[in-house]
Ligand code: OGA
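Have a look below at one chain only, the form predicted alone, in structure tokens format.
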């Protein structure tokens, strides 16, 4: 049976059918999935039933996996290559990821190896809500004027772990460790995809400023670029089902996890992170000016 791609939105997103990713997947099918992924930026597999080992094995078919050393407390016990995103208590303590992802971002942008892609698997979800929104950063770049493209081409976006959503509710000791592991780091505001060659904006609500500019100078442009990228016509909103595997390309998308659900219901997801290329440089922390 040939792989089938079902578009999910105009700007990005496709459901992939016709392949059992929990079984034996041929190299030809992996190539077809990779091609569809580059075109759609976000791909969805439904009704997946697999183990953590199968999740990791399938993910490795595309790229080496991150061991999540940048966020060590969020790893699934026994599986450093699986990040646990949940509101369920862990070790009798509130989960550090219970409010994760609630601003527009791309994964691990605050590290020197920003995530190439992410593959998130849903094991438990509330009855309603808890959707995730994605926007197409390649399309956002293409839609800029030539003059604005010239401006952003020379900018370096500085990412600050303090701007990760939910940090104020994290354990202070663990938060201090995370800030030490992840000092502010600059990456090009426009990045070229290392596989497809596509250019895309690389700026988010976790960008504190542009290197060499003050926050006051930077914020209006950051706000414009984020608003431009997240216009409704440039967004796909995913409504989760248990058994969904959603895969997104962090080099060409941003995403936002919505908190519009009753947190008394469990939400549990597991993420592999496909390791990106080394890039960026550490910059000194900047004040509020």
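This one's a predicted model, so the numbers in the text were calculated from it and none came from an experiment. Numbering follows the first chain given and starts at 1.
The form predicted in complex with the named molecule is left out here; the points below concern that form.
Partner contact region in the predicted complex: 104-112, out of 195-203, 104-112, 72-80, 136-144, criterion any non-hydrogen atom within 4.5 Å of the named molecule. Proximity of residue 245 to the named molecule in the predicted complex: non-hydrogen atoms within 4.5 Å are absent; the residue sits far from the partner. Within 4.5 Å of any heavy atom of the named molecule in the predicted complex lies no heavy atom of residue 44. The named molecule in the predicted complex comes within 4.5 Å of no heavy atom belonging to residue 96. When the named molecule is considered in the predicted complex, residue 152 lies well away from it, no heavy atom lying within 4.5 Å. 120 is the sole member of 185, 190, 116, 120 with a non-hydrogen atom within 4.5 Å of the named molecule in the predicted complex. In summary, among the residues 156, 208, 87, 132, the only one with a non-hydrogen atom within 4.5 Å of the named molecule in the predicted complex is 132. Residues from 242-257 that approach the named molecule in the predicted complex with a non-hydrogen atom closer than or equal to 4.5 Å are 248, 255, 257, in the order they occur in the chain.
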